[in-house]
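Consider the single chain below, provided in structure tokens and representing the form predicted alone.
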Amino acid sequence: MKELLVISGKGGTGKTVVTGAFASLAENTVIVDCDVDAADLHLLLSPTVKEAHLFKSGLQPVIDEERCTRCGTCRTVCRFDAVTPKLSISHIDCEGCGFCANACPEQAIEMIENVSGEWYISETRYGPFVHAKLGIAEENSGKLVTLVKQQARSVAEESGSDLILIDGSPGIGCPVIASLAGVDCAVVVTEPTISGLHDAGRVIEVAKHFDVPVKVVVNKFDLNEEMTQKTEEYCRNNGIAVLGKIPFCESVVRATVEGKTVVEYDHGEAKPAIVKIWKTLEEELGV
């Protein structure tokens, strides 16, 4: 069983569109959305949720109003100003350190496990789909990504799948690092812009740090062929294979609006380019 991760150094490069297209082309695959902060692969796959689970991470203080004597010790000791003048807890400001609970002379503050989001096991027209949703302003996205990947591996083992196809987060932060763990190949989708090349370079370096083989796809390459050439030159100089180039195509937008993958929509020049890229990946991964 192989694991293929699709990532991008920045948002808006077309990473999820490419992942959705790969999902429609792959066989015997478990699909995963590890962009837990802003999950959107489900918009293309229209999943039917089979299992829903709470994601609990970190601790948050809760004041027992009956035991509280309003002494204000918690407000005095809190370094994050999370205790309001009315002696209630602002959970947006609270870091969950537990100092207020330890300092409270009446033991009126209890640290309880925080519900930070949800994760799901679903079914789609292309096979099992494991995805998640982190709550607004919640933390530990990397931990949630790790949980989602663990569940995806369990589903893949049970179903005898050949491939786990992962849609990662943009950038180089914790969820990206968690997504990279244990994968066989990372495909970096970039765009022909200065920021696209710069940020692709950053995430490529992160992948190299963790010894993950990297390949590049240039999306909308014909919008700025000079930057596309610079991207290809960067890849040559750093020993990175360019899997292919996808032309700009309005059918991609129309397909997305209709909730379809590019391959399903079957119009325009983007589809054959993506199909060619996928066939190359299939051969190299042996799936």
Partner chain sequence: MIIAVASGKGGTGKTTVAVSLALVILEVQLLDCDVEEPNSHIFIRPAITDTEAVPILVPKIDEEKCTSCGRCSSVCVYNAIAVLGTHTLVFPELCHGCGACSYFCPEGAIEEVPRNIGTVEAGSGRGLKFVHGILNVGEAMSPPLIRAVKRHTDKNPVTIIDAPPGTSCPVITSIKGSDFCILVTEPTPFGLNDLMLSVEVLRKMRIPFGAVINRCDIGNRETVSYCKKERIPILMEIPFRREIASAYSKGIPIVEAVPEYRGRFIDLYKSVLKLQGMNQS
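Residue numbers count along the first chain shown, from 1. Predicted, not measured: the structure shown is a model, and the values here were computed from it.
There is another form of the same protein, the form predicted together with its partner chain; it is not shown, and what comes next is about it.
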Which of these stretches, 238-246, 48-56, 61-69, 31-39, has heavy atoms within 4.5 Å of its partner chain in the model of the complex? 31-39
Taking its partner chain in the model of the complex as the reference, which of Glu157, Glu123, Asp93, Glu113 has a non-hydrogen atom within 4.5 Å? Asp93
Its partner chain isn't shown here, but in the model of the complex which of Leu163, Val216, Leu147, Val203 has a heavy atom within 4.5 Å of it? Val203
Complete contact of Arg79, Leu134 and Ser195 with its partner chain in the model of the complex (any heavy atom, 4.5 Å): yes
Examine Ala26 and determine whether its closest non-hydrogen atom to its partner chain in the model of the complex is within 4.5 angstroms. no
I'd like to know whether Glu232 contacts its partner chain in the model of the complex, with contact meaning heavy atoms within 4.5 angstroms. no
Answer yes if any heavy atom of Trp119 is within 4.5 Å of a heavy atom of its partner chain in the model of the complex; otherwise answer no. no
Look up in the model of the complex whether Glu139 has a non-hydrogen atom within 4.5 angstroms of its partner chain, and give yes or no. yes
Its partner chain in the model of the complex - contacting residues of 203-229, heavy atom within 4.5 Å: Val203, Glu205, Val206, His209, Phe210, Asp222, Leu223, Asn224, Met227
